[in-house]
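Each of two forms of one protein chain follows alone as structure tokens, named structure 1 and structure 2.
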Structure 1
Amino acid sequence: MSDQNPFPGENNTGHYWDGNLRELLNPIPKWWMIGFWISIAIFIGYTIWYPSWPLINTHFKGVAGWTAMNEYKEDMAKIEAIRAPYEESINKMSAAQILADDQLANYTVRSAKVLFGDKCAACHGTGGAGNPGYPVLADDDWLYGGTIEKIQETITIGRQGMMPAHGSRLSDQQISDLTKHVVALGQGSEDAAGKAVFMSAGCFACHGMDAKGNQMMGSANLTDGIYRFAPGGADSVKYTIAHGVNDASDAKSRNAVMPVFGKMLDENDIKKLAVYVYKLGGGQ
């Protein structure tokens, strides 16, 4: 940079580089200045209209009296006004009647989605896809029945089935044979030795002579190849036979308890969840 200005007639600072690069002193464009002052005016108006400046024990509340909570309450009031006719209908109708009304059933499913996420998804997974050790609700396999009435009953009173542990009653060979038979049943066949154990151990008393289960008791259908406990297959079957389910006499027994929601949710919420779950699994 030279101390001499090579552009004496130009409005510049006298600083230049590389022969012709220099710093000019041109005024800011008028449109930019107008926008600048408008933005200041908007800022001042905003801080007067809305809550803004902090004070000693509170803050300036604004001349409009606006608060985020008031806006939230106003928005919720509008939403509740839209929901009110549907909620009133749900209150008067049974879950089966709700299902029969396509428009109301659609509303109920949408309304229950958040409820399901809060109360049920922790065990049954998002969209009823299930988690390890918990039933899938998005299929058509039901331990206690998949009618809308049964689903509502299950949600209301909960479920706690029981399968006795056979580890102390059967030999290792008998448990292995019975495991092979149960796995074979799920594949559409049988195992002769295991079938003999199935009969002699009295498994048919709960699971039926055809091994298709008993929904009144909540006993599993052994012929559908659907396993209640992960990872499924022979290892899971063998463990369940040996240690049972909810058997207090065996410390290793599987724990399978559906909570009672009748004491936690109101009747409308239970009906909503019943319809939602029914729609997930197609009912029965």
Structure 2
Amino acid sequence: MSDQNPFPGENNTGHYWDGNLRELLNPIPKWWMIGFWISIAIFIGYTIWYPSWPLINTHFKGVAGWTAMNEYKEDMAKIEAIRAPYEESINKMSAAQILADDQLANYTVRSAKVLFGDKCAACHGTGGAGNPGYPVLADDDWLYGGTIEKIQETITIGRQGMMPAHGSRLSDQQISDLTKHVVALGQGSEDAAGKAVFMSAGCFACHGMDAKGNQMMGSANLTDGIYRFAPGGADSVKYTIAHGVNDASDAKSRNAVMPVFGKMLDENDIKKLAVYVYKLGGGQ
């Protein structure tokens, strides 16, 4: 190295070795350096404006007071503001009135979808498709009635099915005759022997003379081929006749309970759910 530059005017740093090996000076472009310093200035401004540096027990909050949670709340408030007029109408109107208003019914179905998923779909399946032991809600076969008021009532006060076990009251022959009759009813015909048992054992008291059920007491319509208890068919029917539904005296009795949602959900949510279920495909 020498202080005397043997290659003057060559744009070198003045450092040279071994006579001719030297370091050329090619500085970074000025515009690039300007950009570099601007970036640093932005970085400093950013860390002052926004939460940034870790401190001992907390962190620097930033002068703007921005937090992700506040931003979330602001966004939620915006969404709530959009929903507010609809929610207000739902609050004021009955479920039947909501149904009559196309736009509001549309909103209700959309907003109740999440609610249905949280509260109902565990038993009734997504979209009310039903599950073994839990009724399909998308069809028009209703145990307790498919009007909007009845659906709302069912959600609010819950339901408990009731059918006595007949295993100890009827002979095996009677039960199999009755089974044949019930299966035949679903296919649009009858079984004479079974029909006799149907009358003598008092089945008609709940299921009706025409076996179409009674929505006042929640007894099933036996003539439509839609089975309350899966998988349907002779074995399933026979089991239900023998062990009944919710009969405490028979340990093998079928279980059919719809919980009371009146205490778990507020009235608006129940209205929304009623409209949603009504709109699934079987509302009457």
Partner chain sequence: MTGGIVNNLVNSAQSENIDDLYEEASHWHVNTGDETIHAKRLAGRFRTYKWLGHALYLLFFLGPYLRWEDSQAILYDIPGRKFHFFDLTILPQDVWILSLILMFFAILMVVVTAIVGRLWCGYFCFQTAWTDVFTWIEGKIEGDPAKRRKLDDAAWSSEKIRKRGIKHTLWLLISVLTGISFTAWFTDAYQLWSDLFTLDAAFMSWVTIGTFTAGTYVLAGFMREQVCLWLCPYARIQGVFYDRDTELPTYDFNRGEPRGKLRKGENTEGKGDCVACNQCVAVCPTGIDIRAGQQEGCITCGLCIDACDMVMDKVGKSRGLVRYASLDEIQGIDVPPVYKRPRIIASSALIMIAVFGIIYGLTHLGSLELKVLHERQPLFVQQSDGTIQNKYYFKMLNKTDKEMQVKITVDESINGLTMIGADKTIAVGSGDLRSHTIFVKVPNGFISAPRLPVIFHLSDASDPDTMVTYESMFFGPKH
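Every value quoted in this text rests on a predicted model; they were computed, and no experiment measured them. The term rigid core refers to the maximal set of C-alpha atoms that superpose within 1.5 Å between the two forms. Please note that residue numbering is based on structure 1, beginning with 1 at the start of its sequence.
Participant: These are two forms of one chain. I'd like to know which is the form predicted in complex with its partner chain.
Facilitator: Of the two, structure 2 is the form predicted in complex with its partner chain.
Participant: Taking the rigid core as the reference frame, tell me whether Gln215 has a CA displacement of 2 angstroms or more between structures 1 and 2.
Facilitator: Gln215 C-alpha, core-superposed: shift of less than 2 Å.
Participant: With both forms fit on the core, has Asn268 moved 2 Å or more by CA between structures 1 and 2?
Facilitator: Comparing the forms between structures 1 and 2, which are aligned on their rigid core, Asn268 does not shift its C-alpha by 2 Å or more.
Participant: Please say whether, between structures 1 and 2, the C-alpha of Gly225 moves by 2 Å or more once the core is aligned.
Facilitator: No: Gly225 shifts by under 2 Å between structures 1 and 2.
Participant: Once both forms are fitted on the core, what is the Cα shift for Thr67 between structures 1 and 2 in Å?
Facilitator: On core superposition, this C-alpha lies 2.7 Å from its counterpart.
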